[in-house]
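The chain below stands alone, shown as structure tokens; this is the form predicted alone.
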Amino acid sequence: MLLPDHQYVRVDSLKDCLKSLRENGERTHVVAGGTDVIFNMRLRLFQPDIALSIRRIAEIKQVEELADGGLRIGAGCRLVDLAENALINERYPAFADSIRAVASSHIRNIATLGGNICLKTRCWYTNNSEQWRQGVKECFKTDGDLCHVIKSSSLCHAINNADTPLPLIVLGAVLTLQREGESRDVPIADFYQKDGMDHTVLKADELVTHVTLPPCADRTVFLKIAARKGMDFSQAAIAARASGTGTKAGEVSLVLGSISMAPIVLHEPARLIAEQGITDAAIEQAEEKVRAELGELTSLYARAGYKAHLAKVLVRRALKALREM
């Protein structure tokens, strides 16, 4: 499939990038690694006038150790480099595991952290060729006014399949979003929105430039279930964090991904484990609390009942993994 007509613009500095976004933001799509963007352009899912390449911007390709023991990571860093970074593997093992879980080694050689964080939501009614889509009615993603997944919905229910945001959420990471002459910090937990079309708070003239990770001495884990290991998007994934050792857990975080339009923070199961500890009885009770927090599930990429089952299984596995650390 040929790419749609567009102008390819390559910038070498963050200043030039932000200037271009200010001038052409609505007509532009940023391309870093391009592993997802270029493929979707070929599918005609979006047809920007300008493809803005940021691969040469050195300012967003650094990993900086902070005085408090945290890290500031450039969003332009390749996943393959981050997966091999000694500081990330030592201090944030669940984050490192999530990076290695993204697609294949070939993709990680090109893909960037910022690209995975901003990964477009997916739907089997739209993530197909333009010719295939001509056989179905237009939806929100294709300039229509309905969602094929839930026809009565006023929102798009496409799935957020990004892996790396899950551990970043439990770790309390903060994203730096920059536009020309202005910068703002957004906790990654507040970055995503439950809308498959408008799934992040990122504006057209903004760029995610850095990810700041605070120090973490807690136990963390990342788990992913996919049809084929090392290739497919998740059917469901989880990141978990707990303070303490053994069954003791003063603070607990649980975040599910690839089930809905945005990552799902499991508040009640986490509260229960924090109060009762990571015991078999508490884990069983936490499992039973999961379904109520998943909200409205669709049968997109997996049946709704199977998604609920996967969520429970992942919560159980993650908690047991934390207990054994």
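What you see is a predicted model, and the numbers here were worked out from it, not measured in a lab. For every residue, the number given is its place in the sequence shown, counted from 1.
Quick note: we don't show the form predicted in complex with a small molecule, though the next part is all about it.
- Screening 157-165, 131-139, 211-219, 237-245 for residues having heavy atoms within 4.5 Å of the small molecule in the model of the complex returns a single hit, 157-165.
- A residue is said to contact a partner when one of its heavy atoms sits within 4.5 Å of a partner heavy atom; V186 fails this definition for the small molecule in the model of the complex, lying far away.
- Although the partner is absent here, D232 sits close enough that one of its heavy atoms falls within 4.5 Å of the small molecule in the model of the complex.
- Contact annotation: A103 falls within 4.5 Å of the small molecule in the model of the complex, judged by heavy atom distances.
- Interface membership of I107, defined by any non-hydrogen atom within 4.5 Å of the small molecule in the model of the complex, is confirmed.
- The single contact residue among G33, G70, G277, P48, judged by any heavy atom lying within 4.5 Å of the small molecule in the model of the complex, is G33.
- Residue-level contacts in the model of the complex: of A249, A75, V170, L82, one residue has a heavy atom within 4.5 Å of the small molecule, and it is A75.
- Using a 4.5 angstroms heavy atom cutoff to the small molecule in the model of the complex, none of S253, V255 and K320 count as contacting.
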